[in-house]
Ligand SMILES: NC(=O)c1ccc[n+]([C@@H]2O[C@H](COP(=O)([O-])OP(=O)(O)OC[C@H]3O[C@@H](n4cnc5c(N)ncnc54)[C@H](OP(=O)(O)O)[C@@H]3O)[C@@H](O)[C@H]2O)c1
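Coming up is one lone chain in structure tokens, specifically the form predicted alone.
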């Protein structure tokens, strides 16, 4: 078995490459920066999907990494005799695009799933909730600067999932037939409000952190200052607004598939406390 991993140096791709390699699988890691990939010895590092597909058994589809080449890669996979596609989609893939901020960063969660389903090949679609690292990266600059994290909707909730858990489920999607034909909804073990998520960071850092709800105009200003568009801010605000009155979905798929609980937010923050250090 030879597995092609696109987005190989990403938050999910890197632990997936390492996990598959540790399981004794031949891995071809696709990255635009092969000289700095830093993968274990034995991992084949290639700079294009076209070079990786001949002789491959399966492909991990990362829509942000593939960009406009996504549909062509699925078609090429069929031509090269690939048997299985595992698509990285998202929990909110069916939501209106105006509530999907990641689309404005290049994700095509709806499309990558549909292309895999329509490919005629074996397929698995992974639908993770918000990545733990994404939440941390969004708040880290404010935490480094002070004890207040400002944002929309203090009572909005998410169930952040650790990227290594997504990668571990992806590996199972390749190494077993258990998930074929499934759209697998993956979340962390607990839905937490913005207020609760920030409080956990404060407990780990032993700092009096708190979340302050601010106006949508302030949110837009902060995102644009960080280099993101007002449209991204509006989509993020709309996404959170949907969970103010309805708590975020929590599933048990990680535990059922891996035989262990999903890693909780407090544990992840403790392991990555350096990300919040000034």
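Small disclaimer: the values here were computed from a predicted structure and weren't measured. Positions refer to the first chain, counted from 1.
Form predicted together with this ligand: not shown, discussed below.
*Sort through 99 to 107, 176 to 184, 200 to 208, 146 to 154 and report the only stretch with a non-hydrogen atom within 4.5 Å of this ligand in the predicted complex.*
It is the stretch 99 to 107.
*asked:* Counting any non-hydrogen atom inside 4.5 Å, which residue from 90, 74, 162, 171 sits next to this ligand in the predicted complex?
replied: After the contact test, the surviving option is 90.
*Using heavy atoms and a 4.5 Å limit, would one call residue 264 a contact residue for this ligand in the predicted complex?*
Although this ligand is absent here, residue 264 would stay clear of it in the predicted complex, with no heavy atoms inside 4.5 Å.
*asked:* Is it the case that residue 129, even though its partner is missing from this view, gets within 4.5 Å of this ligand in the predicted complex, heavy atoms only?
replied: Yes, residue 129 lies within 4.5 Å of this ligand in the predicted complex.
_this ligand contact at residue 64 in the predicted complex, heavy atom, 4.5 Å_ = Within the cut-off, so yes.
*Taking heavy atoms and a 4.5 Å cut-off, does residue 114 contact this ligand in the predicted complex?*
Result no; residue 114 lies far from this ligand in the predicted complex.
*Considering only 1 to 29, what residues come within 4.5 Å of this ligand in the predicted complex, judged by heavy atoms?*
Contacting residues: 7, 9, 10, 11, 12, 13.
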